[in-house]
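Take a look at this single chain in structure tokens; it is the form predicted on its own.
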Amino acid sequence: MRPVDKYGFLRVEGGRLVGENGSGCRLFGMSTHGLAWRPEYVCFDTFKYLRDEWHTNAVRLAMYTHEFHGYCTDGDKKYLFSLMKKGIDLAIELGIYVIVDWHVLGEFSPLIYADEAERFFREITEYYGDCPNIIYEICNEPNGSCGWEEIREYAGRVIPVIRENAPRAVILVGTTEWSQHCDEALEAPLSFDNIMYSFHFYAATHFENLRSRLKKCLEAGLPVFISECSITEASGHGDIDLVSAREWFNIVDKYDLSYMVWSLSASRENSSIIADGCNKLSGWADEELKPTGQWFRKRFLSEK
């Protein structure tokens, strides 16, 4: 049975992601790299292979807003929007879930492009408002001097726009310091229903202090979604830390957390799963995967 056929419209209940019938649902899969930079992986063969051979049930589409060829800077808006729609349409066809990621990063605060975000999410939800496949991630990694109050203000503008056309959709909200301060959301949560808070970790950079912060929030019942993670350093480079990775995924398993892995690409980053120089879009052999890709393939296949 296809994932969306099994779970239907998702919702947040008791701090957990559940399916339409109330059963627990863990989403897991790959995040694309920036859509403007790695568009080739937004294709039927890739998504189908990840679903059928790696047993993933979701994909995350990363729409960079600020960086080179960003949606809100010098990018081709029409092309990028069509690429996002293509990815959503493929997910619908394949019966998997898809995260529409408004990839705030270089601009620090989501308020910088709040007007553009409202227009983007209004237009996307006009197409897909009644679709059970879609989760909306409204700000990837606020950082720098951006505070939780700025994110709350931004969420107060964008979430009602999404709700106009997609009243049942789950919405992910990033937190400060690259989506690491879920504790601020615990202290001052948003008042909307069907909200989860994004949390990101990279096992070779983030250790027990951050794990303790996450566990505190989970024990208090905060709904958390790991919308980006890897076993490398946060830069995407550096060594893999398998000891820290095991500690992180012990938490993922204990609390039945959904998680998305960075990234579906053959970039020079160690966090990309495909080996440098490999041009295949599916059917990767061991030697065509980086160690990160080999590790996460085994991880996905171990999911029940």
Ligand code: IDC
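Residue numbers run from 1 along the displayed sequence. For clarity, every value in this text was computed on a predicted model and none was experimentally measured.
Heads up, the form predicted together with the ligand isn't pictured, but that's what we're talking about next.
- For the three residues Thr56, Glu93 and Ser282, a heavy atom within 4.5 Å of the ligand turns up in the model of the complex in no case.
- For the residues Phe249, Trp37, Phe44, Tyr255, the 4.5 Å heavy atom test against the ligand in the model of the complex is passed only by Trp37.
- Checking Phe121, Tyr197, Tyr202, Tyr113 against the ligand in the model of the complex, a heavy atom within 4.5 Å turns up for just one residue: Tyr202.
- In the model of the complex, the ligand sits beyond 4.5 Å of every heavy atom of Leu83.
- Taking the partner from the other structure, the ligand in the model of the complex has no heavy atom within 4.5 Å of any heavy atom of Glu150.
- The shortest heavy atom separation between Arg51 and the ligand in the model of the complex exceeds 4.5 Å.
- In the model of the complex, Glu269 approaches the ligand with a heavy atom inside 4.5 Å.
- Looking at 98-106, 187-195, 122-130, 71-79, the stretch with residues near the ligand in the model of the complex, meaning non-hydrogen atoms within 4.5 angstroms, turns out to be 98-106.
- Of the residues in 230-249, those that come within 4.5 Å of the ligand in the model of the complex through at least one heavy atom are, in sequence order, Ala234, Ser235, Gly236.
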